[in-house]
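Before any questions on binding or motion, here is one chain by itself as structure tokens, the form predicted on its own.
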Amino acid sequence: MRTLLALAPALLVVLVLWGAGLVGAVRSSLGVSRLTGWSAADLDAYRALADDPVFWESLWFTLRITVIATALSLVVAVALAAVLRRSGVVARLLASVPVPMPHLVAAVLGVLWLGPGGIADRLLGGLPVDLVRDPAGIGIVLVYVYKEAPFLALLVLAAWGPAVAAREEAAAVLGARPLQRLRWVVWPAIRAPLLTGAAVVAAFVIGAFEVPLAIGPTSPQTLSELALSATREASLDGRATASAVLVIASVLAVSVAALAAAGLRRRHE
């Protein structure tokens, strides 16, 4: 009960803001307005998306960059935390610089550094691969890893404290190798915050549009970019299409959070 009371203000804000937004998106996607009411609801926007190859391409592209960016961020975060736990305050402050930085700023910096004619291009005389506007979305993934890996590393450091270090030393005395200590001692301690943070990162990658819009390819688009493009159509169906895409993106994000919660609960039990 104390836990629920402590979480109540945050849950109330999230549920009210997100819930109201989701209800509005569902209404728009079904073609419901104040004048027609729910009696005019239909699934035309969803049927149009199901028959649109551009939507399926966008869905696959979004899922691909989400999985790759989240997985790489996890690996980099654990490695970064392993280094920072033996480093001083200055090193930790420098590593945490990307955390408060807006994603749009990170994307713009990525374009300035990695784009054609950018700083890296001038210093190195050319890059071996195109990171900006790359159809595979490599630039998008790199920006997300740069932004999210330090965030996840801070969560790992909070759980990888002196008690875990003491258990590592005990395991080493008993003959456990580094990988065994990571699997049997460190991973059980950092699993919960790491997976929770990974769910947050994945949900953000699914729904954000700043980074793909600034550094990503013009085709394929992510789901958020596709929704933004639909609002610019002259057709009256553009709003319903955009809302349907956002509802699908929201369902994906909630599914990621539900899977992470189910995994943590199963491991806890």
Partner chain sequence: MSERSRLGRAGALVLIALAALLPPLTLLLRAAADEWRSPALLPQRFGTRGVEEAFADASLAGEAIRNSLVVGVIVTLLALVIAWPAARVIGERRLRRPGPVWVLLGLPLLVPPFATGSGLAEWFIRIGIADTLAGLVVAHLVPVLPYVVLILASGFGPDVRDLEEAASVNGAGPLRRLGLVTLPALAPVLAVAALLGFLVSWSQYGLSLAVGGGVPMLPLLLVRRSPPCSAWSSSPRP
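Residue numbers count along the first chain shown, from 1. Note that this is a predicted model, so its numbers are computed, not measured.
Separately, the form predicted together with its partner chain exists; it is not shown, and the next lines address it.
Residue contact check for A262: none of its heavy atoms lie within 4.5 Å of its partner chain in the predicted complex.
Among residues of the shown chain, G207 is one whose heavy atoms approach its partner chain to within 4.5 Å in the predicted complex. Its partner chain in the predicted complex is approached by G118, whose closest heavy atom lies within 4.5 angstroms of it. Contact annotation: R239 falls within 4.5 Å of its partner chain in the predicted complex, judged by heavy atom distances.
With the partner omitted here, the stretch from 83 to 91, 153 to 161, 67 to 75, 136 to 144 that lies within 4.5 Å of its partner chain by heavy atoms in the predicted complex is 83 to 91. Of the residues L228, A41, A48, L63, just one reaches its partner chain in the predicted complex with a heavy atom at 4.5 Å or closer; this is L228. Residues from 93 to 108 that approach its partner chain in the predicted complex with a non-hydrogen atom closer than or equal to 4.5 Å are L94, A95, V97, P100, M101, P102, L104, V105, V108, in the order they occur in the chain.
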